[in-house]
Each structure stands twice: as C-alpha cells, then as structure tokens.
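The chain below stands alone and is given as structure tokens, in the form predicted on its own.
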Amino acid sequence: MSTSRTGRVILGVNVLVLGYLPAAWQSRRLHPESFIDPAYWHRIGRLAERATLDAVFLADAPALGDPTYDANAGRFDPTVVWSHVAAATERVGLIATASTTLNDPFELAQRFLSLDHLSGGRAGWNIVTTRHGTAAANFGLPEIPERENRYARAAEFVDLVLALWDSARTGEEVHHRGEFFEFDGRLRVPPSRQGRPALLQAGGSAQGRALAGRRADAVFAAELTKEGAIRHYNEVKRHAVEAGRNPDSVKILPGLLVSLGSTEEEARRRSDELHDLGPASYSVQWLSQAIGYDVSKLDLDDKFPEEVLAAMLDPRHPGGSIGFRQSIHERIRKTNPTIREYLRETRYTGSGHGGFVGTPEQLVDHIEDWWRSGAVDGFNLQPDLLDDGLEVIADEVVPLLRKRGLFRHEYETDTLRGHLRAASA
C-alpha cells in the first residue's frame, strides 16, 4: 500500500431501497410501505448529506423485479425519487440509472437536465444498456437486443444526449443522422449550475469500459479482489488517455456491500441473522441470474464445473452481467471453493460486488488500503439494512475517515461534478 497518494476518498451510497439483503424489510424501524413513503426518502437523503457523502445512487426498474433473487422487487422511478429528495437536501449528489436500450434520447436528455437544473447541479446519469428480457415487453420490444447491438446504440444515444445538453447551453439546433436515431431540433431546458448532468457508467464489458474512458465522469464498478480492481482501474484510465482526456477525469467507484458491528463477531452475527431471515434459496437464485446459469441444477458440494467457469468469461455468453461474471470468476479461481462454500463465504465477501463484514475501523482500513493501492477512487457503499447502516456510516465511518485525512469535514463544492473533481485536489 502506497502512502503517497494525495486528495481524498469519494464516498457514495447505493440506495437499494431498504437494503441489499431480502430480509431488510423486516426491520422494526420500517413499516410495510416504507419504500413508497415520502418521509423515508427524505430521511435517507438527509442522512447522506449529514455524512457529507458525495452522492446517493439509485438503480432503475424498467420491469417488476423477481423476488426470488431481487431483495427489492418494487421500485419508484429514480429521477422522480431524487426530485423529491432534492427538495429536502442542498449538497449531496443525486445519481439515477436509466437505460439507453429502453429510453428515448430526447426525453431522457430533457428529464435529466430538468433534475440537474432544479437540484442546483447535483444530478448524475448512470448509463446502462439493460440485459433483462422481462423489461423488453414493457417497451414494445419482442426481446432485448444482443450485447453488441445494445452497446452500439448506447454509444450513439450518449453522443446525441450530450449534443442536446450542449444545445441547451448554446441555443444551436442539433441535426443528427445515425444508425439508430434521426433528430432535428434542440433542448429548451436551461443549462444547470454544473452545465449538464455528470455521467456514470456501470457495465464491466470491454465496450462498457471503453465508453467510460471516452465519456464518463465515474464508473460504478463490480470488484471482488483488489488485484482485479487495480487491473480494471488502469484499463479505464488508459481508455481515457486514448480518448484525449486526463485519466483523473474518470473516477472508479466499486460497489461494496457492508454489514457493520461494534466487533467483528457482532457484525458477522448481524449478517448471519439477516441472511437467515431471508429465503434459503435466495443466494442460489441470485448467483444463477448473475452468471446466467441455473446453479440449482448442480450438486452444491461439488466444485464449479469448468464449463460453467469458462462461460463466465465468454463475452458471447448471453446470461448475467459481464462485470459481475468476471468478478465472481476471479473470486472462485482464487479460493477454489465448493458451490456451498462459495455461497456461504459470499455472506462476508460479497458476490458480484465486493462485501465487507466487520467494525467501522476495519472498514476504514479496507477503504484506505484499496484507495492507496490505486484500485479505486472511492466506494459506493451498500448497507445490508439501509436505515440503520447509513446512520453508522454517518456517525462512525465518516468521522474515522476524517481523522485519517481521507475525507472532508464539510462540503467544499456545490455540484456533483464539483465533488468528484475536488477529490483529486
């Protein structure tokens, strides 16, 4: 671990509605309608701002989720939720996910620039291409397009949205003729305090990392090992240089699932109790959708078959997220567990996104180690149970980071892009 790195850690929280574990809804601090309670969302936004976090982050929900592997199967539209939270906060960034496969570029450009303007320049767009076939019918499509086609459309979609946001600033009309879109006109929403929304990219494919290097302000990555994280960090930074950008202009922010306690034993007990409150089949179903293979067909006391491991790295394999498959493959190769052992260890190490179970002090050690090692620019934390987990982050984790000089004491900038850039100062 290097001790010479300057600047500070970037810290966000991935708001998985009630928490990343399926038993989160059983918390006595919540009620059955917490996820649609306006007061719940104000509380989350205010807690994040009390911690001076850089941003809160929400996934999109183009289709009803499958509760066999989705801890929060029902969701609001993220831009509507953040518009509501924007009215109760002043500084925290507001990042919403939206698909380039299922949206219209003009409508998306108008919606996000409106949120950015009304929030005072705090909006970010997390760019995804959507791989779930269940969403296709909701948008009049017979099926989700193949990956190559989705990323080709995404590249043109992003270019057109950026041109439209520029048109809001310059007043000049856009005349676009491409493979997927034709457009003549301009956006009539005023430019925001930060000019336009910040761009984030969440895909782990080669095309996704190239797009991030060319366009993104930050990447929401999936990393299970520090070695893999360093490799992918350098890959995206190299793409940025090849695109003529400063490599520091794109920040790398992996998700990190966290269960915290006053001792490591207490944190493990909390994680075990929350896991045991959920359906026994949940971890098998989650892993199945993540790697695109029905794990329930395998003997859980066997090692992962070689053909299943090989498919995880095959970009032609149709199932799951490439980023999740790569990180899961690397973890399995590193520890060579049986399937049952792997499912058990994911309670503590994460699956897809990395996991952490321990004390706030140990979490700060982990954050500092990865940041000083050049594996990350920060993390997008994902508490097991959001309501009380975010309180611990605000009241214990952030103060410890400040003591080590790794995090600011007060907000120093007003906009999301300002927060990201100031971390390098």
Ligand SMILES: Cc1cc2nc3c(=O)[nH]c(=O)nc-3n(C[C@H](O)[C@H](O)[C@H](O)COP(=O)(O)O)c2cc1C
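All of these numbers come straight from a predicted model, not from anything done at the bench. So that there is no doubt, residue numbering starts at 1 and follows the sequence shown.
Below: the form predicted in complex with the named molecule, not depicted.
Within this chain, residue 49 is remote from the site of the named molecule in the model of the complex, having no heavy atom within 4.5 Å. Among residues of the shown chain, residue 324 is one whose heavy atoms approach the named molecule to within 4.5 Å in the model of the complex.
When the named molecule is considered in the model of the complex, residue 161 lies well away from it, no heavy atom lying within 4.5 Å. Using a 4.5 Å cutoff between non-hydrogen atoms, residue 388 does not count as a contact of the named molecule in the model of the complex. In terms of contact with the named molecule in the model of the complex, the residue from 221, 258, 212, 123 that brings a heavy atom within 4.5 Å is 221. 204 is the sole member of 204, 228, 105, 350 with a non-hydrogen atom within 4.5 Å of the named molecule in the model of the complex. Heavy atoms within 4.5 Å of the named molecule in the model of the complex are found in exactly one of 236 to 244, 340 to 348, 110 to 118, 150 to 158, that being 150 to 158. The partner is not shown here, but in the model of the complex the stretch 52 to 71 reaches within 4.5 angstroms of the named molecule through a heavy atom at 59, 60, 61.
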